[in-house]
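Given next, in structure tokens, is a single chain: the form predicted on its own.
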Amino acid sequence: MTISALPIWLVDMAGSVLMIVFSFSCLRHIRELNRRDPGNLIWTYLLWVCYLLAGFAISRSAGHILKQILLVSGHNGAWEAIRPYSGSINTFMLIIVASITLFFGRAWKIYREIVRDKIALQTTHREMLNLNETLERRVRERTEALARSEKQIAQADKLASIGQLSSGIAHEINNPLGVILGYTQLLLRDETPGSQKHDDLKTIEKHVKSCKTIVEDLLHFARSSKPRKEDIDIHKVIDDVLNFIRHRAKSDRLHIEKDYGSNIPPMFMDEKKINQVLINLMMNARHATGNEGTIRITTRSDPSVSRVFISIRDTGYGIEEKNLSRIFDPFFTTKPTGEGTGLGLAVSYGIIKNHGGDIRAESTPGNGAVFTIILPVSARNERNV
């Protein structure tokens, strides 16, 4: 070997060694990647390529090193004998790399189709789940609506039956009561106030009037007269009822709060009947709170459903859960005997239904109760909501 060929010799030797080092370094990294994600086709392909390139690097580098050693030591003939085998091994390694590349090219195409099908299946599965949830929600909503309708139909049938019975009884009792009351008041004219007979007659008059009140309630309940609707200011009607309640309460400890919505349109309904409903609900709230508590009246409109909501909340004890489903039944009352006929809420329920609305009660014992009247906004007033 001449001095001028020394750099070429050194570069060839160093390059051969570095080629082996770099190929095994690549093999180590790709094995680590393949170990972390064994299902990844790219890592598998690169692992096989690195195996073959490492083999090629060993074959090629070992050949070059052996060549330089033999040439330097003067064994040119030995190298000439080995040379064809070394070239054949290198060529074989490159053919194997090309074959692996072609094989994984085809496998990659199939893999992409499988991944695409997998994504389509997952998308379809999610859509099926969403459709199933939507279907379940609609079935649940329809079932609840059907249950409410059946309950309302049963309530209407019950009210109709009791109304017919009450109407007959009330007519039969009302006339004799009128006669008794008339004769009692005639006799009172001839008696001296303060006498025993006068006091007895006053007691008779008081109880006959009480009986007539019950009979009149029965007649109101039985008569399903068509509402005489007109445009009314619902806030003015509520204020009139509140003035009446304040006058009856006669207590400084009963607080009445108002929270009126600003966009309530004129309501098209029977003022007297709505007035009657509000008096019934507020008198019940006042009875629940006693002489110390708070009654809160709230109004608001919801243009999306064309409804106006009137809520009356009290701070009384509330209603037991077992009684909530019965409070609109005729003659059902939780008041002591002699303080209620059990017709107020039943009459109110019928009035609101005749106006195309609804009335609901919510309560948690110990935290008061809230009654919500839901009234439709007539088409003539919807544009004002």
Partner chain sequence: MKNSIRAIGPGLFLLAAAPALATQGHGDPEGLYVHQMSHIFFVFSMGILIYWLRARKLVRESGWRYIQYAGFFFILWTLDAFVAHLLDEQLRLVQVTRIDRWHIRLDAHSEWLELVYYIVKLDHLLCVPAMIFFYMGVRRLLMTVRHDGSVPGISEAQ
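Bear in mind that the values here come from a model prediction, so they are computed numbers and not experimental data. Whichever C-alpha set is largest while still superposing within 1.5 Å between the two forms counts as the rigid core. Residue numbers count along the first chain shown, from 1.
Missing here is the form predicted together with its partner chain; even so, the following discussion is about that form.
A.B. asks: Within 4.5 Å, heavy atoms only, which of Leu53, Ile359, Leu343, Ile319 is in contact with its partner chain in the model of the complex?
C.D. replies: Here the answer is residue option Leu53.
A.B. asks: Which among 196-204, 121-129, 267-275, 107-115 is in contact with its partner chain in the model of the complex, heavy atoms within 4.5 angstroms?
C.D. replies: That would be 107-115.
A.B. asks: Applying a 4.5 Å heavy atom distance criterion, does Gly15 contact its partner chain in the model of the complex?
C.D. replies: Because a heavy atom of Gly15 falls inside 4.5 Å of its partner chain in the model of the complex, the answer is yes.
A.B. asks: Against its partner chain in the model of the complex, would Ile232 count as a contact residue? Criterion: heavy atoms within 4.5 Å.
C.D. replies: No, Ile232 stays farther than 4.5 Å from its partner chain in the model of the complex.
A.B. asks: Is Ile42 close enough to its partner chain in the model of the complex to count, meaning some heavy atom within 4.5 Å?
C.D. replies: Taking the distances in the model of the complex, the answer for Ile42 is yes, it comes within 4.5 Å of its partner chain.
A.B. asks: Evaluate Leu181 for contact with its partner chain in the model of the complex, applying a 4.5 angstroms cut-off between non-hydrogen atoms, and reply yes or no.
C.D. replies: No.
A.B. asks: For its partner chain, considered in the model of the complex: do all three of Arg142, Ile153 and Leu219 come within 4.5 Å of it, counting heavy atoms only?
C.D. replies: The answer is no: none of the three residues contacts the partner (heavy atom, 4.5 Å cut-off).
A.B. asks: Aligned on the rigid core, do the two forms place the Cα of Asp12 2 Å or more apart, comparing between this form and the one not shown?
C.D. replies: Moves: yes, 2 Å or greater.
A.B. asks: When the two forms are laid on each other by their rigid core, does Lys109 show a Cα shift of 2 Å or more between this form and the one not shown?
C.D. replies: Yes, the C-alpha position differs by at least 2 Å between this form and the one not shown.
A.B. asks: After the core is matched up, is the C-alpha of Trp79 off by 2 Å or more between this form and the one not shown?
C.D. replies: The answer is yes; the displacement is at least 2 Å.
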